[in-house]
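Quick setup: one chain, the form predicted alone, written in structure tokens, and binding and motion questions come after.
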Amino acid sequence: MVAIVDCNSFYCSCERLFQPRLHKRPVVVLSNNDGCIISRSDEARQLGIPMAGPYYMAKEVIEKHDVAVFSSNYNLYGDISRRVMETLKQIVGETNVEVYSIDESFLHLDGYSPKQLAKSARQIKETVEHWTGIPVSVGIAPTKVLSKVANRLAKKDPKKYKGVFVLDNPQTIDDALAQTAVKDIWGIGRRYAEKLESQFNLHTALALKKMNETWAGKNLGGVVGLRLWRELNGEPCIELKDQLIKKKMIACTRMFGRPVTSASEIREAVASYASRAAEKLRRQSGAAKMMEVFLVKNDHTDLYTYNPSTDALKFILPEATSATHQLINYALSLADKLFNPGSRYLKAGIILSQLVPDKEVQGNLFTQKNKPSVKLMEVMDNINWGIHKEAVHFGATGLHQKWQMKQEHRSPRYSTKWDELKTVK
């Protein structure tokens, strides 16, 4: 059996964790630059505040009902997510946990007694909530797709299921699929759902399940769609992923808090993103052979005209590396070539690709491997991870970073910044 543990309104729950006064109050969390609503509590959803809708369009409702508003606090959310995932690993074993996203994990429960699944699910839920303070929902079923169906229903009707739903027999599975619209099936996109409804008159997951295998292979997008159909029919086809699989590409990009016109600020931003990408690369013990830098600009002076364009350059590194200072040097060289005086830049980013294990870096005949760089990065990472992320950084990333994205409603980084720890009186 497979379980999925999903944190309820995760970003909002993280904010409530350190501010209990918000427990019953509607809460929303905004995207980068406070643009759109990316998380909302049940209370906010019941007010009709749309998910992914622009903040300014919901502002009247938010102010009328005293909704608490927060900017994204990724330092806090990332740390709380780590605590939730570590808790799950302690409960079921590290090899039985697949972290799917910042707020979801699949669990392998084949060793659990079928008769004890519901009780075990409740214990998992209670332990996570007691140890971390984050409310979760648990769905259990024979396959990943079915477990997502179970989890969705557990969240949809918390009074009935109390946050836990187990699909452990054919009749229960069919009843759950009958309550699930095609558009709500994990892996079926909105446009594809519209096609299934309009062309084939398929409106529920149960109706899709009852189609035959030949039809599924022909009309659900080939092999991937066929796997989804088989999973709906109780046949596991989407295995738990190898925990050692690494990312094939690492990107770091952010919108600026305001249009940027100076070369110095572009250089600071690109250097900062290169530094963050390098840290991510070292966490998976990798090195990059290719780098891409891009700048997004909008040169229209009319405030109501939004027609951005993107300039980008790629560069093959002489030797694969994860050293921050080396990647910053290459990134700044590309940024200087891309920068156009007089342009208004909205965003910058860096992408590292052609990744290889850092122990298998092929040397360059014309360069000498810089062993001191490896030691320097180890020391730098140990200091930053032990204190906080920005304790030691390269001067090229800037001191004030006035180009940073807007976060007018950000809460303190309670668990990752010494000077922002919660004070108890």
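The first residue of the sequence shown is number 1, and the count goes up from there. Keep in mind it's a predicted model, so treat the numbers as computed, not measured. Between two forms, the rigid core is the largest collection of C-alphas that superpose within 1.5 Å.
Omitted here: the form predicted in complex with the DNA. The next part is about that form.
- Taking the partner from elsewhere, every residue among Asp103, Arg190 and Ile250 has a non-hydrogen atom within 4.5 angstroms of the DNA in the model of the complex.
- Proximity of Cys36 to the DNA in the model of the complex: non-hydrogen atoms within 4.5 Å are present.
- The closest heavy atom approach of Ser373 to the DNA in the model of the complex falls outside 4.5 Å.
- Shown alone here, Ile185 lies within 4.5 Å of the DNA in the model of the complex, counting heavy atoms only.
- The shortest heavy atom separation between Lys406 and the DNA in the model of the complex is within 4.5 Å.
- Considering the DNA in the model of the complex, the lone stretch of 260-268, 222-230, 109-117, 149-157 in range is 222-230 [heavy atom distance within 4.5 Å].
- The contact residue chosen from Leu338, Ala207, Met255, Leu332 relative to the DNA in the model of the complex is Met255, the criterion being a non-hydrogen atom within 4.5 angstroms.
- For the residues Lys162, Lys314, His130, Lys218, the 4.5 Å heavy atom test against the DNA in the model of the complex is passed only by Lys314.
- Once both forms are fitted on their rigid core, the CA atom of Ile173 lies less than 2 Å apart between the shown form and the other one.
- Core-superposed comparison between the shown form and the other one: CA of Lys209 displaced by less than 2 Å.
- If you fit the rigid core between the shown form and the other one, you'll see the Cα of Met290 move by 2 angstroms or more.
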